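The chain below stands alone, shown as structure tokens; this is the form predicted on its own.
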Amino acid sequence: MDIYELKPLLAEIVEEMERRVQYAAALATENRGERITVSTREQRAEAVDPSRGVVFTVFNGRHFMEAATNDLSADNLRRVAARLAGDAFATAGDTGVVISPGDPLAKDFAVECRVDNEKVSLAEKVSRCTSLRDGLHALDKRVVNAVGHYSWVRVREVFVNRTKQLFQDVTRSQAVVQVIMAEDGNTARLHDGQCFQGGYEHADLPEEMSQGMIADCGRMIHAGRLAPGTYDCVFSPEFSGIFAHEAFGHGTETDMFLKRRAKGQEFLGKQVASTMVNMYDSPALPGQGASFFFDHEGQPASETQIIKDGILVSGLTELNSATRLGLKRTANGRRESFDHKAYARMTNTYFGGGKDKFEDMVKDIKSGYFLERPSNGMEDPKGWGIQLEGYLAREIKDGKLTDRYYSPVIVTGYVPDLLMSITMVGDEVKIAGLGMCGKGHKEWVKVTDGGPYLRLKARLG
């Protein structure tokens, strides 16, 4: 049975379950996709592991309980749901916690694909990736390995509770280029690309993206190591993005508040950043890779402002933590798949824009660095320590960018110290993101991040 056709059946099952429990809901999901990689030495095409199933959720006055199945026959779904409701009823209690099903809404949503990935032949996709690879080799003779990659995933989901019947059909497509370059016994590796909602129309990458990547990778080959210390810095929009993700993404996921593992809980309503800092998380950004129409607990997508004029004003919630902590629900209840638990998770997380120009940020820096090409990061939500890693730091000397580059670069510090040091915020916001985000090395979901250029002080190593 197609999962879209499950809506009336799931509505009947939810109604039946709520005769025994305070709250019930059902989520049906289906995903499929494809990955094509063409490198200098090999070609590879494979299907994304398909997934199809239903998860039932109930609240019995004390606990949330769930049961998942990949058998979508009506008899099995009724049987699984009845067993879950029976087990929940047997351990029910009254703690005074009441689950809100949300405002009534019955609606279907879909991402527009101008070119359907499933109607494009595999030969065409391999040819496109081959062209990307060959283009990289043509740009620089120092390229010893080049990769052109294209992948897509289509996710279809149905959510039902007593007030909602929702369906979303979301396709996400990603194109990536990567090179390894070598000269005089030194090597460097770098990648770039784009990920957006939509179809095969996103398989093309702008030529300047490959040219910029090749140029920066060439600079990395002979880049030195900078002297550790605290410097005036300018972050690129991409570096600002990883900063936003690590600083107040994980640190404000409120399921961590329940476990007393997030320092952000102590700072709600307090100043944590310069007054010119605003930060957001929004799955409602049109076309972005981590956007969707409703989360896995039926919450409609909307923007959440995390920091307003330097004040921490909101965390990112899922149903359980929002209810138990008395916080506003945000659209951040997300699962890796139907058979995984829902957690509070980021979506598109970014700094808001300001009024400053990049040239003005640089012109009065006597000695500092412009940081670009972030690679990864991590944060300790309990202690608010942060580490960001990047591929390139470009020297700023006497108000001008020089041709001296350093690689790699590592930013460390205490989150509020870094945020309070921000003195200039750029006037243009850029969102990007090719990767996935895990929760403790598991529970992977798609995220993006971004922001404007930022000027701040940072400890570099």
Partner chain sequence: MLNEIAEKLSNHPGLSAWQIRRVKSRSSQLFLIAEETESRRTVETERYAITVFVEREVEGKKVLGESEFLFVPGEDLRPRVESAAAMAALVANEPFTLPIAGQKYEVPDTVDKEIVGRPNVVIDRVRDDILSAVSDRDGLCLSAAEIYATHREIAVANSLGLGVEREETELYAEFVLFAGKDCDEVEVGTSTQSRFYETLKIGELVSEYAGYASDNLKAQLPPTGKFDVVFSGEALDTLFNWFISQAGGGSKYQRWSVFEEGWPVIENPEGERLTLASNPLLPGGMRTRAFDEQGLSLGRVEVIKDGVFAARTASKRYADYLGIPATGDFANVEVAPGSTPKADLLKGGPLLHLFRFSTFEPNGVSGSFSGEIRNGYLIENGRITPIKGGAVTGAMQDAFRRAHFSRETVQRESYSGPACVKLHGLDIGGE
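Just so we're on the same page, rigid core means the largest C-alpha set that superposes within 1.5 Å between forms. Everything numeric in this text was worked out from a predicted model, so none of it was measured. Positions refer to the first chain, counted from 1.
Not pictured, yet referred to below: the form predicted together with the partner chain.
K.L.:
Report whether the minimum heavy atom distance between residue 93 and the partner chain in the predicted complex is within 4.5 Å.
P.N.:
Residue 93: no contact with the partner chain in the predicted complex.
K.L.:
I'd like to check something about residue 97: if you look in the predicted complex, is any of its heavy atoms closer than or equal to 4.5 Å to a heavy atom of the partner chain?
P.N.:
Flag for residue 97 set to no.
K.L.:
Can residue 302 be called a contact residue for the partner chain in the predicted complex at 4.5 Å between heavy atoms?
P.N.:
So residue 302 does not count as contacting the partner chain.
K.L.:
Is there a heavy atom of residue 338 lying 4.5 Å or less from a heavy atom of the partner chain in the predicted complex?
P.N.:
Residue-level check for residue 338: yes, a contact with the partner chain.
K.L.:
Quick one: find which of 102-110, 285-293, 221-229, 355-363 has residues within 4.5 Å of the partner chain in the predicted complex by heavy atom distance.
P.N.:
Within 4.5 Å of the partner lies stretch 221-229.
K.L.:
Going by heavy atom distances of 4.5 angstroms or less, which of 270, 119, 259, 114 would be at the interface with the partner chain in the predicted complex?
P.N.:
Partner contact (heavy atom, 4.5 Å) among the options: 259.
K.L.:
Which pick from 313, 180, 209, 139 sits with a heavy atom within 4.5 Å of the partner chain in the predicted complex?
P.N.:
It is 180 that has a heavy atom within 4.5 Å of the partner.
K.L.:
Should the three residues 41, 55 and 145 be counted as contacting the partner chain in the predicted complex, with contact defined as a heavy atom within 4.5 Å for each?
P.N.:
Affirmative, all three are within 4.5 Å.
K.L.:
Could you run down 434-461 and flag each residue that has a heavy atom within 4.5 Å of the partner chain in the predicted complex?
P.N.:
Residues within 4.5 Å: 441, 442, 443, 459, 461.
K.L.:
Taking the rigid core as reference, does residue 284 move its C-alpha 2 Å or further between this form and the one not shown?
P.N.:
Not so; residue 284 is displaced by less than 2 Å.
K.L.:
If we fit on the core, is the Cα of residue 127 displaced 2 Å or more between this form and the one not shown?
P.N.:
No; residue 127 is a residue whose C-alpha shifts by less than 2 Å between this form and the one not shown when the cores are overlaid.
K.L.:
Aligning on the rigid core, do we see the C-alpha of residue 181 shift 2 angstroms or more between this form and the one not shown?
P.N.:
Yes.
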